[in-house]
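Read the single chain below, which is given as structure tokens and is the form predicted alone.
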């Protein structure tokens, strides 16, 4: 006796096929924009001599954090990556993370603001975020391939979707946690909703929003590594090649480079969030 099975997979596949067929002009246009941004950023970063690039990163870390240990550690970490012969792959990974993070923030922060000020939007968005944050990362690679094919554009698409939830959730949380007394006070003084958003809500919610951006960057970096399976290249591609060829030493070197990039980004964003709180 055959057991009845709901056609969940078939419905999802049909829906993706429908979207691919009818939204191809949008995906082609967005792919062209993303490839132009990514290619321009990679080319520009690779034109900078490596010692000067490391010096600029060190200077930027110092200006943003005023932390000597972090500045020195960032410079030494990047010098180690250069010494291991992984500089080009690292620049490719940084470009992927930056583009994906900017896209995720550009979509996520406005959605978080709308979710905070609209109860209906909040009720719709939060269950979707719960599903997105519990979905295995590899699943996001599946719809990216029919829309964009193999390559960096598909990697950016899957990375943006995977890393967006913290930006939405933390932005919404930061605004909703603002004391009611302050909101009532601003309303009593005649502030419009837009004035209250720009002059009260966003400044007070800035530390929480920065924490969400930090999480978005970390998720983007982790997803870029996974997306090497569909042609993202970069440091994730080095790890993937090492797995295929059983080159354990090379794989660990690429892993160390990923850790260095992650630590620099994480510490700098944490320092910025702490400064916002002060």
Partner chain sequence: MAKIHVEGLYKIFGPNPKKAMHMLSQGKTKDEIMAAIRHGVGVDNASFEVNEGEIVVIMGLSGSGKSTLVRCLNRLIMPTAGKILIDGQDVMTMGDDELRQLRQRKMGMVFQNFALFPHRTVLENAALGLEIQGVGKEERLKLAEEALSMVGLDGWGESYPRQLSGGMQQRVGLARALALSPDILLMDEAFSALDPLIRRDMQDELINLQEKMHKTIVFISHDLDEALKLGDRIILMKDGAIVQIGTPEQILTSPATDYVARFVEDVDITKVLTAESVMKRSEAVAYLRTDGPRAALRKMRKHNIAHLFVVDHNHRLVGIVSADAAAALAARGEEQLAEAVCTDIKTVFPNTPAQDLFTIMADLPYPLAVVDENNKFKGVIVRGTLVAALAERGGAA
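Residue numbers count along the first chain shown, from 1. Computed from a prediction, not measured in an experiment: that's the story for all the values here.
One more form of this protein should be noted, the form predicted in complex with its partner chain, which is absent from this view; the next part is about it.
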| item | value |
| --- | --- |
| Listed range touching its partner chain, judged in the model of the complex by heavy atoms within 4.5 Å, from 158-166, 75-83, 115-123, 199-207 | 199-207 |
| Its partner chain contact in the model of the complex: residue 131, any heavy atom under 4.5 Å | no |
| Residue contact check: residue 127 to its partner chain in the model of the complex, 4.5 Å heavy atom | no |
| Residue contact check: residue 90 to its partner chain in the model of the complex, 4.5 Å heavy atom | no |
| Its partner chain contact in the model of the complex: residue 185, any heavy atom under 4.5 Å | yes |
| Interface residue in the model of the complex among 135, 106, 145, 191, criterion: non-hydrogen atom within 4.5 angstroms of its partner chain | 191 |
